[in-house]
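Presented as structure tokens, the chain that follows is alone, the form predicted alone.
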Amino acid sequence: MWDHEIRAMASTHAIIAASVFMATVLPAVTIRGFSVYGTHLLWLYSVSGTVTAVSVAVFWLLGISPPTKKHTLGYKLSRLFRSCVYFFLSCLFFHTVVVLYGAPLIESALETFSLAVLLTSLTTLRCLCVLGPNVQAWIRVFSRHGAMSVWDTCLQITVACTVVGAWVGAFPIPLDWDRPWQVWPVSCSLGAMIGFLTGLVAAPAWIHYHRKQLTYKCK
């Protein structure tokens, strides 16, 4: 029933996963001394920027975003402005949550906010691309049995995998192993990225194998 959407989803995720690979490999080739550990913030912003640009472009080209009833320039600019505000507020939200979970409040504030930017790029941005700046739609999707399409289910899986990956990535930090990837917030960033990539693979696969059991209410 949703074979076309599942194929489109798999193609979209393959492009986004390839952008993560390119955002890691190209700087390593062109920038002297670049590495995931040694210049972690540079890698983090490279991945965040690339995923943001590629996701917006791909979702726009596929027409995944919800249709707008108004086509005036003013409405589109208002929608873009609200999306940017939501993106920034999401960065502040993730920053606050990470601090509440034990990250330094003042020391390493830039690193903590950079992790928040990465988490926003991997989670909130997808919500903005699929659902638009609509808080009610976000609450619906992430409530129990709130998914109304395969893309809603995809959001649930990818966001959950990313957040859980970042959370699991924090476990090795207090261990006295003295490894370079234990420096804040390297392991959390890598955990979030691994979780995100896992979600990109798991979402279309899970939906494909459970498509006969999935039933969605009409919007």
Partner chain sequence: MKGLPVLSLLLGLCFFYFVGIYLFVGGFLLVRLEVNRTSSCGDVLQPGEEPVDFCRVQPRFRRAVLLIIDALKIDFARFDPNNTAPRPYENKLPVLEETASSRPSHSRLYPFRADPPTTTMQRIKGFTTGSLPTFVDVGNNFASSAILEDNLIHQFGQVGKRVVFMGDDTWESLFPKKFYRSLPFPSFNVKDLHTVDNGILQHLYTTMTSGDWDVLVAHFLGVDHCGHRFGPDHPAMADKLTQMNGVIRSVIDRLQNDTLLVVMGDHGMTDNGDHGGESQKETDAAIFLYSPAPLFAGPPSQNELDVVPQTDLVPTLALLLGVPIPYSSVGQVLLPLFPPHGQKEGTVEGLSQLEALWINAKQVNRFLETYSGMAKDIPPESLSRLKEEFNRLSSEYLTTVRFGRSPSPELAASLQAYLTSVRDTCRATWARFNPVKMAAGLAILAFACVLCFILSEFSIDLLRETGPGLKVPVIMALTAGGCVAVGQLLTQGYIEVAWSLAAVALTSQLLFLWTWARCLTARYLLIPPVVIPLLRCASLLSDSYVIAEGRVVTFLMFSLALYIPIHLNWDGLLLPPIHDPLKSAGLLPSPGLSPSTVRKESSTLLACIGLLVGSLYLSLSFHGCREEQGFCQPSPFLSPLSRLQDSQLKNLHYVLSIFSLGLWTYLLRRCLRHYGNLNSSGGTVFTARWILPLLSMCLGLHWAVSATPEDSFRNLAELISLAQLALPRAAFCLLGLGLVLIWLDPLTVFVKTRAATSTRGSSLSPPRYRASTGISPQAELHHLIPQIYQRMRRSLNDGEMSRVSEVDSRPAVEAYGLGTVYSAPLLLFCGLLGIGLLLLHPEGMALSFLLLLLEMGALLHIQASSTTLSGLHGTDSGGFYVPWTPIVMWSFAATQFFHATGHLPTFPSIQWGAAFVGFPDGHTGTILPASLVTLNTFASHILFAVSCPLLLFWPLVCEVRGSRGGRACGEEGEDAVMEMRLRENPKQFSSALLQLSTRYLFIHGAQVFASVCAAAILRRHLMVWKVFAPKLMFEASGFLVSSLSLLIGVTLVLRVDIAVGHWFKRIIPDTSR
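Numbering follows the first chain given and starts at 1. These numbers come from a predicted model, not from an experiment.
Same protein, other form: the form predicted together with its partner chain, not shown, and the subject of what follows.
Tell me, please, which stretch of 190-198, 50-58, 31-39, 170-178 lies within 4.5 angstroms of its partner chain in the predicted complex when heavy atoms are compared?
Among the candidates, contact is made by 170-178.
Note which of Leu105, Leu77, Val85, Leu92 lies within 4.5 Å of its partner chain in the predicted complex, where distance is taken over heavy atoms; exactly one does.
Flagged contact: Leu105.
Tell me, yes or no, whether Thr72 is in contact with its partner chain in the predicted complex, where a contact means a heavy atom of each within 4.5 Å.
Contact check for Thr72: no, nothing within 4.5 Å of its partner chain in the predicted complex.
Can you tell me if Ala109 lies within 4.5 angstroms of its partner chain in the predicted complex, counting non-hydrogen atoms only?
Output for Ala109 is no: heavy atoms all beyond 4.5 Å of its partner chain.
Val99 versus its partner chain, in the predicted complex: is there a non-hydrogen atom within 4.5 Å?
Flag for Val99 set to yes.
Would you classify Ser46 as touching its partner chain in the predicted complex, given a 4.5 Å non-hydrogen atom cut-off?
Residue-level check for Ser46: no, no contact with its partner chain.
For the stretch 4-25, return the residues whose heavy atoms include at least one within 4.5 Å of its partner chain in the predicted complex, in the order they occur.
Not one residue comes within 4.5 Å of the partner.
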